[in-house]
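The chain below stands alone, shown as C-alpha cells; this is the form predicted alone.
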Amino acid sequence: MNAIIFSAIFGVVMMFSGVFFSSKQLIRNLAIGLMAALLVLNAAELQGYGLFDINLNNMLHFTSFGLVFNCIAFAATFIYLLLSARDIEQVGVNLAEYFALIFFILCGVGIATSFNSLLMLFLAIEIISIPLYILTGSDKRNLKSNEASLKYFLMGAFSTGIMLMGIALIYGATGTFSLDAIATATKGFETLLTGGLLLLLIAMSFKVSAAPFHFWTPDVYDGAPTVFTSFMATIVKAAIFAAFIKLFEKAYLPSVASWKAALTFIIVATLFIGNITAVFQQSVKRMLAYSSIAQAGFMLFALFGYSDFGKEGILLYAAAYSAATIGIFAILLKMSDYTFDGYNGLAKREPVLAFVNTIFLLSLAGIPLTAGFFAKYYMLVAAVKSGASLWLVIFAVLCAAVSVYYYFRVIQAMYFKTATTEDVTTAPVTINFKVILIVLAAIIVLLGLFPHWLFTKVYF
C-alpha cells in the first residue's frame, strides 16, 4: 500500500514543483530523490512496515511476489532517472509534468502487482496506459511522435474495449469481479465464462505486445521520444506481465489444460515474428522494438509453465531485461545516428560505453555469465516441468540463437568497423554516467552468477 499511495502523492508533488521551481536541475534532483524514497518505502513494506491500514474489501492483496516486483520496478526506474533524467529535459518544456506522469504510472504498477479484483486490474491498466499516451506524443515538434501517440491511443482504447467486454462476460457468468470467486467458477468451464476469459487473454496479450497482437509496438516504440521508449519497453512491459501472471493464477490455472493450445500459439508466433523481423531492421531503435516482442515470447513461458519456479523466473527476467534495455537505450540516446552504422568505431572513441553495451547485449541474447542467461533458463525449465512438448523448448532455443545474430551486429559495428564520421556521440558523456553504467553492468553479471539473491525475500 505504501507504493500506491506515495507514488500518487509524489506525482502531485512533481506537478506543483513545476510551478514553484524554475530550475530544471532542482526539479530533476527532486524526482530522483522522491524515486529513491519510493523504493525505500516499498522495501519497508516488504519487511512488514506498512504505513497504512485500510480496509480494501479484498480488492487488493499484497504478497511478497508483488512487493519484490515493485522493488525491481522502482529500482529500475531509479537507475533510469539517474541515466536519462537529463535527456528528458530535451524532450520539451514540461519537465515537471513528465516526471509526474512517470510517478502516476508507478502508482498503476503498484496496483497491477496487487489487484484481487477485475475492476482493480482495469484501473491499473488504465492508470499505466493514459500517461503513456501523453509521454509518447510529448515531442510535439516531431510528427513521428504525434503519429505514434495517436496510434497508441486508438489501439489502446480498442484493446481496453475488448478487456471491458471480457470482464462484463465474466461478471455475467460468475456474478462477481473477485479473482478468488472466479478461480472457483473456472472449474466449471462454461461458454459465457470461456468467452470472457478469451477476450481478457487477447487484451492482455495486446498490452504486453505478444503476437499476433503486437502490430502497434514497432511504430509506437520507434516514434516515441527515445528516452520514454526505454521506460515503456522495460518497467511498463514487465509490470503488465506481473499483472498477467496474477490474473492467470486465479482465472486460467484451474482449467489450464484448456488454454495450453492458445498459449502455445501465442508463444510461437511471438518468438518467431519478433526475432525474424528484428533481423531485417536497419535502425537499432526499431530492432530493439522487435526484440522486445521476442523477449515477451520468453516471458510468456512463465504462464505456460506456471509454478513457483516460473514466478521466480519472471522476477529475474524483469530485472535482467529492464537493466539491460535501460542501459542500451541510455547509450543510444548519446548517439547521433540510430542505425547500426552509427555504432561503427564506438569502441575506439568511447571504450567504456562499448564495453558495458556489449554486456547489456549479451544479457539480452542470453549468453552465460549474464542475468539474461538464467532468466531464459528459468523460463524454459518452468515449461519443461509443466510437461511442455520438447519441440516448443527447442523452438525457443533456436529463436534465442537467431537473436544472437542481430545483437552481435551492434557488437561487430562497435569493435570491428571504422567510423565514417568524426563524432559518434552527440551529447557529452560524463564520468557519473559511465560509473552508473558500469554499476548496472556489474549488477547484470552478479545476477548471472548468483540469481538466487533476488529471491531471498520471496515466499510464494
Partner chain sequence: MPVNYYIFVALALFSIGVVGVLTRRNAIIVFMCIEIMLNAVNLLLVAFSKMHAAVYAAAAPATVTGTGIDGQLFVFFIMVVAAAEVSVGLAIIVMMYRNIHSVDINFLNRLKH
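Residue numbers count along the first chain shown, from 1. The model shown is predicted, which means the values in this text are computed figures rather than measured ones.
Beyond what is shown, the protein has a form predicted in complex with its partner chain; the following relates to that form.
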item	value
Options 139-147, 235-243, 85-93, 342-350; stretch whose heavy atom lies within 4.5 Å of its partner chain in the model of the complex	139-147
In the model of the complex, the one of F309, Y377, F122, F272 near its partner chain [non-hydrogen atom within 4.5 angstroms]	F122
Single option in T226, T277, T174, T358 placed near its partner chain in the model of the complex, where near means a heavy atom within 4.5 Å	T174
is_contact(T194, its partner chain) in the model of the complex, heavy atom dist at most 4.5 Å	no
4.5 Å heavy atom contact, T160 and its partner chain in the model of the complex	yes
4.5 Å heavy atom contact, L118 to its partner chain in the model of the complex	yes
Partner contact for K151 in the model of the complex: its partner chain, 4.5 angstroms, heavy atom	yes
Candidate site H61, Y252 and V256: all three near its partner chain in the model of the complex by heavy atom within 4.5 Å	no
Partner contacts in the model of the complex for 60-75 (non-hydrogen atom within 4.5 angstroms of its partner chain)	none
